[in-house]
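Here we start with a single chain on its own, the form predicted on its own, put down as structure tokens.
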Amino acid sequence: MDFLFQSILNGILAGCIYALFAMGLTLIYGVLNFVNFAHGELIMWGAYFLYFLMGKPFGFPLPIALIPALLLTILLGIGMDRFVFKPLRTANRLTLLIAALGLSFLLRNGAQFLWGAELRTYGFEIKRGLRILGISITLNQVAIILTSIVCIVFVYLLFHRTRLGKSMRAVSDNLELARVMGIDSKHAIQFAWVIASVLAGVGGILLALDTNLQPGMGLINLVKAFAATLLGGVGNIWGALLGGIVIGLAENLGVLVISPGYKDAIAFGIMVLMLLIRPSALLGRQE
């Protein structure tokens, strides 16, 4: 029974991180109406930016390195849009898809060129977790839950309590109508990239704190974010949050009955299943 509760806790922890990935992915879809298949590389580069700033020659402690790492992730996200996606804004979705895939390969191989293909960690000592009602939880895992809650509350307040958030929602609902109403769509789109990049960077750092870093981490977590997005509804931020939790629980409860080696395949299986059930999910919202 303790093992079951431990798996549920692990699933919630993973789900919190996947939810951050999925919320950023679906935010860009909601505003620009295309799936950014290079979003996984924002996740990966966010984690590596922190690794770079904590290593030589800088050697910054994590609290000091965190903000510059997120700023670099934001610059990468804005750069994606400015130099790749913005010139193709009027192109069809296939062109945007090919551009995103090409950018994904470029960034993944760039990270492998700079840091190599081997697994890396932030170098923190692994400490025994706290035992609460037979469940073990480490301080890093507590930080993951608290940080995820803070990010989710921040996104909620941004979208429902600020003028900028309402502008982003208006652009997401109807870009042309938002422009007619005098909303600065360019500013809203740029800020959407900022939020998506922050969510990706924070999620990537939290994931690396609990596991490790490697150049392929963006691709597999993109699949999980995509599965969570399909599960919660493409373009629905709160659905993506719920979808991320479901994917995390499905993975960690699934390994109770199958080999842990197939853990990542569970998210892929859910993604394929959702596409079979709702093949129109990627064709835009139904009126």
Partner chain sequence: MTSILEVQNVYSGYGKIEVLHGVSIQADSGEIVCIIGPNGSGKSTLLKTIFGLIKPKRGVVLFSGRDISLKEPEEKVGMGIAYIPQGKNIFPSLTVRENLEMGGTPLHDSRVIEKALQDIFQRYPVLEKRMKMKAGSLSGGERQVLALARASMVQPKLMLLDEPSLGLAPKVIEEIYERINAINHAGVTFVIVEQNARKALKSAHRAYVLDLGINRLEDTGERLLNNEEVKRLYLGG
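It should be emphasised that the depicted structure is a prediction, and the values quoted were computed from it without experimental measurement. Numbering follows the first chain given and starts at 1.
Although not depicted, the form predicted together with its partner chain is the subject of the following passage.
The shortest heavy atom separation between Ser167 and its partner chain in the predicted complex is within 4.5 Å. Contact between Leu88 and its partner chain in the predicted complex is not found at the 4.5 Å heavy atom cutoff. For Arg120, no non-hydrogen atom is located within 4.5 Å of its partner chain in the predicted complex, even though that partner is not displayed.
In the predicted complex, Asn92 stays away from its partner chain, with no heavy atom inside 4.5 Å. When its partner chain is considered in the predicted complex, only one residue from Ile132, Ile98, Leu146, Leu177 comes within 4.5 Å through any heavy atom, namely Leu177. Put simply, of Leu75, Ile137, Leu103, Ile183 only one has a heavy atom within 4.5 Å of its partner chain in the predicted complex, and it is Ile183. The candidate stretches are 112-120, 194-202, 155-163, 207-215, and the one lying within 4.5 Å of its partner chain in the predicted complex by heavy atoms is 155-163.
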